[in-house]
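Have a look below at one chain only, the form predicted on its own, in structure tokens format.
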């Protein structure tokens, strides 16, 4: 492969990763059977899939080996009774402690193209492997860094926030309104951060389930302010798919291509970062 073709391949793949998920046909989701429960023996069953229609498995099952559970005290918990079929996976989580659980998948990768001893080479892997395998100061280096996160939340008894603390990596939700305390027809506020810093001018999509029975998708699109906060009101009770993404070549403050970028991007040579965030929340009845 020539150097030109190699760079085109990296750029094309980066463009796909940079696309907002709401613009793609297939959308991934973790759907809980309940978001608010009480009692010592509380269990929640989850569906996990990538589908064309929200919350109707019609494309491919989501793998469960990457699903993580963060308990209300911040401890790592586990999924149970996992099963994967053709179009969806299912698993259970026991809410053995009072408070809010975060159930999520999170991942990231680095893609690079560079020249070594006159030969074009490509890399795809973790940031740690990038630092080990790609020579420092490599010639003609082009890098695209991607991060994605897919979450949902369930609360036993009273909402808590320990499990909701951001990691400082990628695009994340920091609740102002608690995600299991959103009420239909009432104003709510979420805050988004990219690598721990406010994600300003970020478009956030709220899409209700039940597309097959709607004349229109019913999506709501709103933008974050300078502090990364977005205010929204969901019109009716039900489950909603929440999505936002940061495109390669523009920083979280909405700067032009080539502007200095935030956080982990500064630690890598090159000029690309793609970050996406997805969640499923429930708007409770008023």
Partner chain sequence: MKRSISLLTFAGAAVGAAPALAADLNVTVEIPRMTVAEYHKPYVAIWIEGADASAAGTLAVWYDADNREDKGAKWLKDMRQWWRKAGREMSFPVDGVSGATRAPGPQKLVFAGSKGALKALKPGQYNLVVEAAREVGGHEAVRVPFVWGKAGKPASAKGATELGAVTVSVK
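Residue numbers count along the first chain shown, from 1. All figures in this text were calculated on a predicted structure; none of them were measured in a lab.
Although not depicted, the form predicted in complex with the partner chain is the subject of the following passage.
Next on the checklist: Using a 4.5 Å heavy atom cut-off, which of 54 to 62, 239 to 247, 222 to 230, 31 to 39 contacts the partner chain in the predicted complex?
Outcome noted: Careful reading of the contacts points to 31 to 39.
Checklist entry - Three residues, 78, 99 and 154; all within 4.5 Å of the partner chain in the predicted complex via heavy atoms? => result No residue of the spot touches the partner chain in the predicted complex.
Checklist entry - Hey, in the predicted complex, does residue 183 get a heavy atom within 4.5 angstroms of the partner chain? => result Contact check for residue 183: yes, within 4.5 Å of the partner chain in the predicted complex.
Checklist entry - With the partner left out of view, is residue 166 within 4.5 angstroms of the partner chain in the predicted complex by any non-hydrogen atom? => result No, residue 166 stays farther than 4.5 Å from the partner chain in the predicted complex.
Next on the checklist: With the partner left out here, check for me: in the predicted complex, does some heavy atom of residue 132 sit within 4.5 Å of the partner chain?
Outcome noted: It does not: once the partner chain is placed as it appears in the predicted complex, residue 132 has no heavy atom within 4.5 Å of it.
Next on the checklist: Is residue 86 near the partner chain? Define near as a heavy atom within 4.5 Å, in the predicted complex.
Outcome noted: Taking the distances in the predicted complex, the answer for residue 86 is no, it never comes within 4.5 Å of the partner chain.
Item to check | Contact residue in the predicted complex, from 159, 210, 108, 196 (heavy atom within 4.5 Å of the partner chain) | outcome: Filtering the options by heavy-atom distance leaves 159.
Next on the checklist: Residue by residue through 272 to 286, which ones have a non-hydrogen atom no more than 4.5 angstroms from the partner chain in the predicted complex?
Outcome noted: Read in sequence order, the residues that approach the partner chain (within 4.5 Å, in the predicted complex) are 284, 285, 286.
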